[in-house]
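We begin with a single chain expressed as structure tokens, specifically the form predicted on its own.
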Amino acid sequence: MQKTVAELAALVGGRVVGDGTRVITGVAAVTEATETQAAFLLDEYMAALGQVQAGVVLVEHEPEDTAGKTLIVTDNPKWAFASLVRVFVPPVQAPAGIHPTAAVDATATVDESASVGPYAVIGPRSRVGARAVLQAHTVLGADVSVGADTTVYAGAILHDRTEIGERVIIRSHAVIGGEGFGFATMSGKHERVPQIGRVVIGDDVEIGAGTTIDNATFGETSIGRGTKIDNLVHLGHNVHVGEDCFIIAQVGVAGSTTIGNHVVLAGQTGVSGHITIADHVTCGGKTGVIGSIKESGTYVGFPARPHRQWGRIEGVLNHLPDLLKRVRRLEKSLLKENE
């Protein structure tokens, strides 16, 4: 495929600086792109523009010195570049239809435009929407609903009563709607409390490989529209996650916790159960959230503290050895004065 710089600018709503007739045949990372490829460069790295070999560079602001490069100026170069990636490297389209080796219950409903891969299993009364893709060895239990244009990658499992919205991506070996971790204890012995709720996933959600989202004890575990969940995340029963959140690898959220909109939980953050996290909260990597966070902002450390407060505490901790020496000297001085 070939596109001129001017054509690419029109696609992303950008403005050309330089040669709009230059022909572009692909996309690449800014450090690897050649004169026939497009790349993007964020403002903080603009000093390196002169070293970039790409045929066109997507930027947010036109620099005073363009270093002779052809640019496309656009409000969000990373977003625009993602659009160009889809133009030059379109996703592989799965063929519509049900593979002969798939096991589809007679009471299930599969849209004729959907694609069901080899050895997939679709349980009783489950429904698969238009243009949805179930790759090989995916499993849908009973009464599962998969919305239009959703892709479920190989080996993922959607347990009974799970509801998946439209344009959702579920990566390989994710497990959605497995029974929640609920037990009653008597005389030192643990008895499972049946978890009879379900999981509801909103539109435009992405769920990473190996991630597990438990069903609710009663009611729903829910993920709001547009939230993106990384690989190897665990969300417990009756957790509610709002819209447009980022939940990064190896995060664990205990049961009955409510997370607001536009929340970021960085890698290995741990969240206790039965608490609430407000909208627009960011938790840094390895943060331990053991109580509700009621105000937006950035939190780090264990227990989670506002970033500035944590910084002041860490600054003091770095001086503890010197402070300890001073205290010991003062103690010795006082002892001598009292002799």
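From 1 onward, residues are counted along the sequence shown. What you see is a predicted model; the values in this text were computed from it and never measured.
Keep in mind that the form predicted in complex with a further copy of the same chain is not shown, yet the notes after this line are about it.
Against a further copy of the same chain in the predicted complex, the set 111, 126 and 167 makes no contact: no member has a heavy atom within 4.5 Å. None of 96, 73, 136, 130 but one reaches within 4.5 angstroms of a further copy of the same chain in the predicted complex through a heavy atom, and that residue is 136.
The partner is absent here; in the predicted complex, the one residue of 34, 51, 292, 309 having a heavy atom within 4.5 Å of a further copy of the same chain is 309.
Remark: residue 240 does not count among the residues lining a further copy of the same chain in the predicted complex, judged by a heavy atom distance of 4.5 Å or less.
With a 4.5 Å cutoff on heavy atoms, residue 186 counts as touching a further copy of the same chain in the predicted complex.
Shown alone here, residue 269 lies within 4.5 Å of a further copy of the same chain in the predicted complex, counting heavy atoms only.
For residue 2, no non-hydrogen atom is located within 4.5 Å of a further copy of the same chain in the predicted complex, even though that partner is not displayed. In the predicted complex, the residues of 15 to 49 lying within 4.5 Å of a further copy of the same chain by at least one heavy atom are, in order, 27, 28, 29.
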